[in-house]
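Shown here is one chain on its own, the form predicted alone, set out as C-alpha cells.
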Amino acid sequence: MYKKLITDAVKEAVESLGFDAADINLDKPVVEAHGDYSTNVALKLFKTSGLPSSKSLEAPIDIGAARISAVVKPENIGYVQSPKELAEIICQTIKKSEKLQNIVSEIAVADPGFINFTLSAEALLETIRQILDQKEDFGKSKLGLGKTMVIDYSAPNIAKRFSVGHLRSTIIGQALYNLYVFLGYNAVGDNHLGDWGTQFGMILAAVEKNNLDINNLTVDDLEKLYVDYTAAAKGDPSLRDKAKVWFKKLEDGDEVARKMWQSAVNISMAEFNRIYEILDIRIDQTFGESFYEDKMDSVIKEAKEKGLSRESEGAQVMDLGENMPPGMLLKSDGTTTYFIRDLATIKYRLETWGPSLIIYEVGAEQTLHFKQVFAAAERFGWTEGLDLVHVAHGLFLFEGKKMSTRGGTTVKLEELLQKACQKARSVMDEAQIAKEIDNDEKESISSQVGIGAIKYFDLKHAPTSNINFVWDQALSMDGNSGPYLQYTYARTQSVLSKSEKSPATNYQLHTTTAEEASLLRSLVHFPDVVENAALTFSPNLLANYLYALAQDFNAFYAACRIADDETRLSLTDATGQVLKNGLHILGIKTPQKM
C-alpha cells in the first residue's frame, strides 16, 4: 500500500518536471538508517535525459523528446550539474504531494542521488492494525483480479520413481502457484505427466522380452526394466527398433499396448499420490501428455494452412528462425514428439482457461526446447496478450552428486522425506525442544519440521541455481533454515500463550529500543516482497525476507520485556501472523509448539 502511494507521488513529481516517468523503481534501502523506501530515479534521469552539466551555459538547451525546459531554464531553478542536484529538485516537488502528508515523516537525498523515504509512526502503527485485523489475508492484493495464470509443474514421469529430481519443480511450482493466488489471480496448476513417448516403447518391449505380467510389477520394477533395457540397447540397436515398434502400436491404439500402458500409469499414480500427500501438495489438474493425443492433428493442420511446416527427410518440421533449430512436429515414422504435444497443450490451455500468463517450472536442461515452443506459439499467432515463461530450475545435487534415472543413480524421494522426519525428531530431542510435548504430538511436529526443512532448503535458493542438499544446513535450528523459522513462529505463540495480558487493541509505538523499531519496519515490507517474488518468479525473495524477519524478532525477543507489555505483545502477534502467512505461501506448516 505505502509503496504504491510513494511510487505514484514520485511519478507525478517527475512528470510535472517534464520527464517520462515510465520506469520508477522503489526499493528497501540496504542501510536501515536511510529509511523505508528509496528510489534512484534521479540517477536514471540524469543519465538518460541529456541534462546540461555546466552552469556556465548561457541559454536553455533543447534536449529533444525529454522536453525538460522547465528544469533547465536559469530564471527558474538553474542548470543541474549532478544527479544529486536533480534529486534535490525532485525531492522538493515530491514534498508538495498531499498523498504523503500522513504516511511519510521524512524525504531526504543521499549520495550520489538517491531519494529516501521514512514512514511516519502512524503509518507503521497502521501496518500493525492491518495485520491483526486481516490476519491470514494480510499481504494479499487485487493485482491479478480478473486475470488467469496457468502453471505447469511437478510433471513426474510414469513408470519411474518419484525421485528428488522432480522435487524442485514440485516445491518451486507450488510456491509460485501460491504467490499468484495471494495476488488475486485465478491460478490453475497443471501436472503435465510424462506418460507418452518412446520410453514407453522401451518399457513395453522390456515387458515382452522378459515375459512379465505388468500388473504384478511395482514402480521400482518398471524403472529397473527401463534402465536395464536402455543399457542393453546401447550394444544392440535392434532393441531400440523394437521399442519404436511398440510405441507406434501405442499411438495406433493397439489394444494390448494400451492395456499394458494403462497398468503402468495406474501403478505410478498410486505412488505419486502418496508422495503428494506427504508433501501436502494439491495440484488442480493432472493431464498427461497422452491427454493431447487427439488434439495434435488440429495443430498440424493449422501449421500446414498457415504455411508454417515443411517436410524434411520424411518428417514434418517447423522453421523457427535463423538462430534456432527447427522444431519437429512429426517423426519420419509418423509418431509424435514433445514439441507437437507441448504446442497442443498451449492451444488447449488458451481455449480452456484463457490465461494471460503460462509458467513452466521445468529443469534448465529443457531451455532450448521451450525457446522453440515459445517461438512456434508466436509464429502461430497465439501469444497476443499472453506471456510464456520458463522458470528453469538448476540441479538438485545430493551429497554433491547429480541423479540420473538412466544411470540408475536416483534417490527415492519417499526415503529422503522419511529420513528428514527422523532427523528432525533427533535434532529436537538433542536440543531438548518440545520436551513437554507427548510422543504422538512430537511425531506430528517432527513430520512438519522435516518436510519443511527440505522445502525451505530448496526455496531459499534462486530457482536457476544448482543446490547441494546438506542435512546439517537443512535442519539447523539457528541458521537460515525451515526449522529456525518454524521455531521462531512457535516462540511468538509461546510468548502470547504464557502472558497474562492480551495484545493491545490500540497499539502505541515504543521509541526506546532499536530492536523494536527494526522489527516494526520489517513488517511493512511483506506485501511488497510477496508481489516482487511473484512477478520475478523468485520464491527465494520471500524466503530471504522471512529469515531476516525471524532474526529481527529474535533480536527483539532478547532485548525487550514482552510478556507484561500489551503493545509489544501486539508486535509479537503481528510478527507471528506474517511468518505464518509467508511460510504458508512457501508450502511450509507452522507448528504452534516446538
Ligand code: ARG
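All residue numbers refer to positions in the sequence shown, first residue = 1. This one's a predicted model, so the numbers in the text were calculated from it and none came from an experiment.
We do not show the form predicted in complex with the named molecule, though everything after this point is about it.
Stretch-level contact analysis of 131-139, 226-234, 272-280, 155-163 against the named molecule in the model of the complex, using heavy atoms and a 4.5 Å limit, identifies 155-163. The named molecule is not shown here, but in the model of the complex it comes within 4.5 Å of a heavy atom of H192. Contact check for Y348: no non-hydrogen atom falls within 4.5 Å of the named molecule in the model of the complex. Contact check for F370: a heavy atom falls within 4.5 Å of the named molecule in the model of the complex. The named molecule is not drawn, but in the model of the complex it has a heavy atom within 4.5 Å of Y360.
Checked against the named molecule in the model of the complex, the candidates Q366, N186, N466, T198 yield a single residue with a heavy atom inside 4.5 Å, and that residue is Q366.
This chain is displayed alone, yet in the model of the complex one of F114, F380, Y487, Y338 has a heavy atom within 4.5 Å of the named molecule; that residue is Y338.
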